[in-house]
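A single chain, nothing else alongside it, follows as structure tokens in the form predicted alone.
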């Protein structure tokens, strides 16, 4: 995938987040600040004004990451911003990226989020969707499946991870204040990540 193929996917992500912002905010109303969808939509609206014409996938990811850090409030901006900037760092110098390039870069993004948020799988965060997605995509790649098949497997695993977050009590961020009352509610960050990955999978031929 080259930058001119990645940029339309970023626009599709922006459109998806705008479409889902009320749902994401409703999820966040229950266990967080009640602004996840609104903040993410605002950030990606700015992203859309900055990415057209960028030369490499790393350039795209860097601009997305920097923009989210500066425009998205709460924890989501720094966390998603870190993820996209880690993708950029890992893919620097590549005019075109393959699934084999993307998977270790995605792991770097996960590690960045884990360090920035001081969080791990099983704590009702976006990592509960991201890590199963990574594992599923890596397994599919090891089996010789196509990038589209691997991403579809990642999406399915991520949605399963979102469902599992309903069983956890939140221990991180604002959601930790409600403790056991967060059980039964899915994590907004895990949900928005999975929606994004779904758009990536949908944009792969």
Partner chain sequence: MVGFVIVSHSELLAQGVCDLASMMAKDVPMFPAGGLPDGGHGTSFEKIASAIEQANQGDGVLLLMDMGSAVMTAEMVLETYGYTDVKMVDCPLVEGAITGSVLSSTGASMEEIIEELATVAEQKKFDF
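Numbering follows the first chain given and starts at 1. Keep in mind it's a predicted model, so treat the numbers as computed, not measured.
Not pictured, yet referred to below: the form predicted together with the partner chain.
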query: Contact residue in the predicted bound form, chosen from 99, 79, 88, 110 - any heavy atom within 4.5 Å of the partner chain; finding: 79
query: Interface residue in the predicted bound form among 139, 69, 30, 46, criterion: non-hydrogen atom within 4.5 angstroms of the partner chain; finding: 69
query: Partner proximity in the predicted bound form: residue 104 to the partner chain, non-hydrogen atom cutoff 4.5 Å; finding: no
query: Contact flag, residue 120 vs the partner chain in the predicted bound form, heavy atom cut 4.5 Å; finding: no
query: Any non-hydrogen atom of residue 134 within 4.5 angstroms of the partner chain in the predicted bound form; finding: no
query: The partner chain contact in the predicted bound form: residue 94, any heavy atom under 4.5 Å; finding: no
query: Residues of 127 to 146 having any heavy atom within 4.5 Å of the partner chain in the predicted bound form, listed in sequence order; finding: none
